[in-house]
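Here you'll find one protein chain in two forms, each presented separately as structure tokens under the names structure 1 and structure 2.
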Structure 1
Amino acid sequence: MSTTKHPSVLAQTVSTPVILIGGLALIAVLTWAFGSNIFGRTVTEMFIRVALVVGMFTFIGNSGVISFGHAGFMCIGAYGSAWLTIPPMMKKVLLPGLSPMLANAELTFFLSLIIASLFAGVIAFAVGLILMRLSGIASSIATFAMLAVINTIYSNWGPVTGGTSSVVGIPITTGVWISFGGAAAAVVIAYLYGISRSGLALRAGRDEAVAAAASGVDIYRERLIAFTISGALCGMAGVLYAHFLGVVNPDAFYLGVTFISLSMLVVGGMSSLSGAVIGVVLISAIIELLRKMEKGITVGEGTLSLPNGIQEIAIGVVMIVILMFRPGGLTGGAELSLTRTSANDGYSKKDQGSGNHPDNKPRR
């Protein structure tokens, strides 16, 4: 990548994923050492969210295009793994419409994880071929339309997906460590993509579309690559989720999850990998804390508890307040890093409009 005197991109930035994974590992170790069973489940769910939001970041953060569709890839991954791992006996009853090859398959979790994630990636590639031609708000709406299409299909294609009823019998394998592994893998892949030629070119296109195109960046192609990778990562998150709950249902992968994960991304700071991870960890922590307070905490002699329903209201208010005071998200687009030059590839603090930053041009 670098033929100049500068240290390589890898050397400049590698501390970011190391710090992030280290932080997540610390949470995992603490949970393993001290946490209760229930707390373990909360942490597992958080790790799955990290994988999902980092997957979304791979596309949204690098391209600057908000996508409402990534929950769809999560859905595809989750159902893909359900098709591959539910025992054939159960599938005959639950999903009679499956093709014989799928109906007789009973793969191990890891094999299924890889295949189902790749499947989500392939679908993302196919959809991306069409959708990546669009940009800006038209692109966002098109991804939302895609999500609606996926949801309609999975909710109504009864013999293959079980319709709106839940598909049960998925082996439960996702625990704290496996979900941590998934989150860490997502961070590594997102990081490697971010410093790759394609990732840098895409970010150049995000900050200065015309200048980047004039310098030979094919924005359509780079977006398609990012969309495919992020689709596969979200698919992986879906697989982890399916094997965490043991049950899948199309509505689990619709608007609710779309909005909460987008919120986490934007609150963290949508143009940095650190922002994606921090957003998830922080909001999950606040939600958990409020949940605890709703149940009641002992203060001195009495218990203090919030009335039911306050938790959701409070989380909304917290998000609004954070965004009011830090419109660029908590990290403002900067990465956690050991070196001083944290905004090494031109992540702009202002998020928008400051396209004249000298570092924004793709380096060749």
Structure 2
Amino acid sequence: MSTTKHPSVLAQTVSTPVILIGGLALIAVLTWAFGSNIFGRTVTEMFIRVALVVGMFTFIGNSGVISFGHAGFMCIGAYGSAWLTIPPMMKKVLLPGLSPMLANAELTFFLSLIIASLFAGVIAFAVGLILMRLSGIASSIATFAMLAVINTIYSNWGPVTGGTSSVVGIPITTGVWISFGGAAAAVVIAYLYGISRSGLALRAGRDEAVAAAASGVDIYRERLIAFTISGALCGMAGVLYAHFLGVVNPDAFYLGVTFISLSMLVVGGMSSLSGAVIGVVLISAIIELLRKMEKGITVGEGTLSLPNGIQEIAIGVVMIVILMFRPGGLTGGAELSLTRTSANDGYSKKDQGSGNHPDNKPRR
């Protein structure tokens, strides 16, 4: 009988988060050393998007269910932090409908980050108790309906949320290093969930729902766990965003951010953590380049500029090309790793690009 000891899943895959966080840290260091204030804001926004998209990946990538509603949890986290950190005197004027406990609270940024993120996770759990019973296109449509409900509530509950008016007075705390910390934390949490028993069981249900259920996997329970964790991570991204701008508005967490975040996940690869991070970095670079070209680039004696709205068109074209020629995204579902295979992928590399790829299997 063989006594060979095989390395644990942690030992086989730990290089993935190390590589991803190391790459993000390099960007942060270069920005701190050589970047301007404007470039620093761009990188900060990119790190916030990493936290958001990795949060979305935690559910979408592991379950195979497309969600259009995670921007709603970002909204919940942003407003939750605003309620906890805006000075009480301002809240009495701007948000007269807040409960006395919230109206008199003025917590530190990090404490509000924890509380608001957990609050978003609790809401995700409550909503998931219903939505996770659905599957296929019905579940995706239900998540979009959830996003619409959250946006409607926050846009019309004036005394508590300020309605469609921007809520100001949020302490501006998020910079390059704090946003990097949030992105790194999101990567670590998503990775640890992915290699956990629950994450492995959920991916089994994603790839072979009938076989997984027959093996004792409670797909509803595993989806609910992933949905709750992803909701908390997206709520954390909302907190970082609120303290980056200093203002919040319900429309900032609606269709625009939903389209951008999903495009980043699709381009990078929905079924891998590495794809989520790479997609954000790539699309953020494209957005910044096009933004500069919209403002105009001096060429000789003239100025070359692109029409407004070209960013959305370009991202749409990139998504179409990726879906046509590489449905699994740029990473093809694989993880950046120092080893030949990564247990976090859920399948071996020989299956990538073939009919055995999980993305090419019909969903049940």
Partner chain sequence: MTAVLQILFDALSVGSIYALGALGIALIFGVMRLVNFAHGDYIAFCVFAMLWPSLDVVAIVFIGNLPWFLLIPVILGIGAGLSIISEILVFRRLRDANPATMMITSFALGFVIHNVLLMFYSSRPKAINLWSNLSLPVEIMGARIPLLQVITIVMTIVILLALVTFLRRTQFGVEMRAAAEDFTMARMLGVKANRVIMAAFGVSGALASCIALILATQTGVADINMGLPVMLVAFVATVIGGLGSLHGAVIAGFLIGGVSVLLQVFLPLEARPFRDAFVYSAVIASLLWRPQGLFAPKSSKERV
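Definition used throughout: the rigid core is the maximal C-alpha set that superposes within 1.5 Å between two forms. Every value quoted in this text rests on a predicted model; they were computed, and no experiment measured them. Residue numbering: sequential along structure 1, first residue numbered 1.
* To do: Mark the structure, either 1 or 2, that is the form predicted in complex with the partner chain.
  => It is the first structure (the form predicted in complex with the partner chain) rather than the second.
* Asked: Rigid parts compared between structure 1 and structure 2: I310 grouped with L200?
  -> No, the two residues fall in separate rigid parts.
* To do: Could you let me know the angle, in degrees, that the smaller of the two rigid parts turns against the larger between structure 1 and structure 2?
  => Treating the chain as two rigid parts, the smaller one turns 15 degrees between structure 1 and structure 2.
* Supposing the core is put in the same place in both forms, how far has the CA of V321 shifted between structure 1 and structure 2, in Å? -> A shift of 2.5 Å at the C-alpha.
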